[in-house]
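The chain below stands alone and is given in structure tokens; this is the form predicted alone.
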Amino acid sequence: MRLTLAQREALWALVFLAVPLAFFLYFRILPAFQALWLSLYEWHADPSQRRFVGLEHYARLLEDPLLRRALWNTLLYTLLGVPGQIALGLIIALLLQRAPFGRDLFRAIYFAPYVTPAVAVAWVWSWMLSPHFGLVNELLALLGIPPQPFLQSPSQALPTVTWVVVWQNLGFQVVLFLAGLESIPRQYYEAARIDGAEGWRLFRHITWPLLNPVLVFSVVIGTIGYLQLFTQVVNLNFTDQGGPLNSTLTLALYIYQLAFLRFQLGYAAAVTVLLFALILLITLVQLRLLTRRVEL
């Protein structure tokens, strides 16, 4: 059978698409189904001795106070971190857009923490936030403020971890919003200025609506990142991971502790399914609420 040129191109396109699709199915979809299957069993190293428990692990979720604490902390990280990094990123991007020179230098400086390994960032900040010899407390002392416990205080630990994560992700937000701002056609601003619009009105009616795709992307990606927060929490307080008094415990860290410290892999899989459902639900709600058509 002789194929036309369009048919051969379509065939080759399908062949090339099949490779990443197989990779995605094997490394993304299959583990998700394996976690769901594992959550229905009591784990044992010998597969023949794994006991089917049905929804027993899911019933346990409702009675686990540590899970409720981890869930609350994770939502709190997300509620504090996502708006914080988006607001700061947008403000800095707007300032950089107006900078007469040095824009690339500032962009590189802000982006550097984002490409630095999260483990290294966490260890440096854990030293800087030390109540005994940390640089942050030395600076506070110059202002007459007494030393703060930061990561050693149940009330200060979670906001401190959130600040470190916001600081590290800020460069990514700045670059993202700068790209969005520079993609807005100048003609819109010129036409609005002819009609007498300035300052806040330009931002409210032109910049903000046309930045909606960037905003949606930032909110969704940021939310998923905070719901899976793990590395910074583990390394900022390495001797008391999730502490003090579970004040920084996240769902991802709780899953790790259940699976690899307590070897309760069946229950850990049930918590993983809960986290997956939570991310999926919040992402769909955000896409529904934030995605909108823009008419100027």
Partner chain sequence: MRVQNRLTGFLALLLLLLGSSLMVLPFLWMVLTSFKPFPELFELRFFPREPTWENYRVVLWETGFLRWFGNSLLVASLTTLSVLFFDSLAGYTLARLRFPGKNLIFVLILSTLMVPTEMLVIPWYVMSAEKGWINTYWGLLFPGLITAFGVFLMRQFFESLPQDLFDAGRMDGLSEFGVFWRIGLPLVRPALAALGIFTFLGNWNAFLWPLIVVQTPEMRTLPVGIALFSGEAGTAWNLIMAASSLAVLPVLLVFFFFQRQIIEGVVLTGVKG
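Just so it is clear, the structure is predicted and the values come from calculations on it, not from any experiment. Rigid core: the largest C-alpha set superposing within 1.5 Å between the two forms. Numbering follows the first chain given and starts at 1.
As for the form predicted in complex with its partner chain, it is not shown, yet the points below apply to it.
Shown without its partner, this chain lists 170, 158, 80, 206 as candidates; in the predicted complex, only 170 has a non-hydrogen atom within 4.5 angstroms of its partner chain. Shown without its partner, this chain lists 146, 185, 196, 117 as candidates; in the predicted complex, only 117 has a non-hydrogen atom within 4.5 angstroms of its partner chain. In the predicted complex, residue 31 approaches its partner chain with a heavy atom inside 4.5 Å. Contact between residue 180 and its partner chain in the predicted complex is found at the 4.5 Å heavy atom cutoff.
For residue 61, no non-hydrogen atom is located within 4.5 Å of its partner chain in the predicted complex, even though that partner is not displayed.
Within 4.5 Å of any heavy atom of its partner chain in the predicted complex lies no heavy atom of residue 190. Contacts to its partner chain in the predicted complex (heavy atom within 4.5 Å) from stretch 252-271: 252, 255, 256, 259, 260, 263, 265, 268, 269. Annotation for residue 17: C-alpha shift of 2 angstroms or more between the shown form and the other one, rigid core superposed.
A displacement of less than 2 angstroms separates the C-alpha positions of residue 261 between the shown form and the other one, with the rigid core held in common. In the core-superposed comparison between the shown form and the other one, residue 286 has its Cα shifted by at least 2 Å.
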